[in-house]
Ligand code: SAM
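Next up: a single chain in structure tokens, the form predicted on its own.
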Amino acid sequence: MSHEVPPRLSVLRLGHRRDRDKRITSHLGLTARAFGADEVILAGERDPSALETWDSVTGRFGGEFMSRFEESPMSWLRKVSKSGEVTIVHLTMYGRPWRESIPSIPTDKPALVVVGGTKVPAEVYHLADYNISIGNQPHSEVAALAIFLDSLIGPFDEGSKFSGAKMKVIPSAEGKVVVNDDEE
């Protein structure tokens, strides 16, 4: 099912390759969720395991995070771009520096962050409202997404963002402290 306008902040993972990108794509979606995105959209090879991972984490750790597969990402991206209702941000090492670009990104409409896996079609650079680089050296798209989302969204209240959690990690300097809803 394709959506015309994404939620407030979505991340589109372009060009996923199931065998080669399984772990990095999984981490990209988890990072999107942890750093405040509302949705991750998987495009490329169909991979139910990525969607299952993201949904499972959301079920256990709370929140309203959504995940889905987009069969025709470029067609969908063209529609989103044409609507003008969404700000499209493409993270690329060839873009403008993030520190200069973030202040100009509008906050009054939904944003779609495009993160490529394989070679990104040149059309994406033209459809994007912003082509932004975290750095101009090869690096992890997961790291780029984390830095970008933290800079765009800033700190947020994890308690309200991830309500309904069955599991909660309690910060501790001396070991792992996890509270399960079943144990309370």
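These numbers come from a predicted model, not from an experiment. Residues carry their position along the shown sequence, with the first being 1.
As for the form predicted in complex with the ligand, it is not shown, yet the points below apply to it.
Original post:
When the ligand is placed as it is in the model of the complex, which of 40 to 48, 54 to 62, 124 to 132, 151 to 159 ends up with heavy atoms within 4.5 Å of it?
Top reply: Flagged stretch: 124 to 132.
**OP:** Could you spot which one of Leu30, Val120, Ala146, Met66 gets a heavy atom to within 4.5 Å of the ligand in the model of the complex?
**Re:** Selected residue: Val120.
Original post:
Is Met93 a contact residue for the ligand in the model of the complex, using a 4.5 Å heavy atom cut-off?
Top reply: Contact check for Met93: yes, within 4.5 Å of the ligand in the model of the complex.
Original post:
Is there a non-hydrogen atom of Glu141 within 4.5 angstroms of a non-hydrogen atom of the ligand in the model of the complex?
Top reply: Result yes; Glu141 sits at the interface with the ligand in the model of the complex.
Original post:
If you check in the model of the complex, is Gly36 within 4.5 Å of the ligand, heavy atoms only?
Top reply: Flag for Gly36 set to no.
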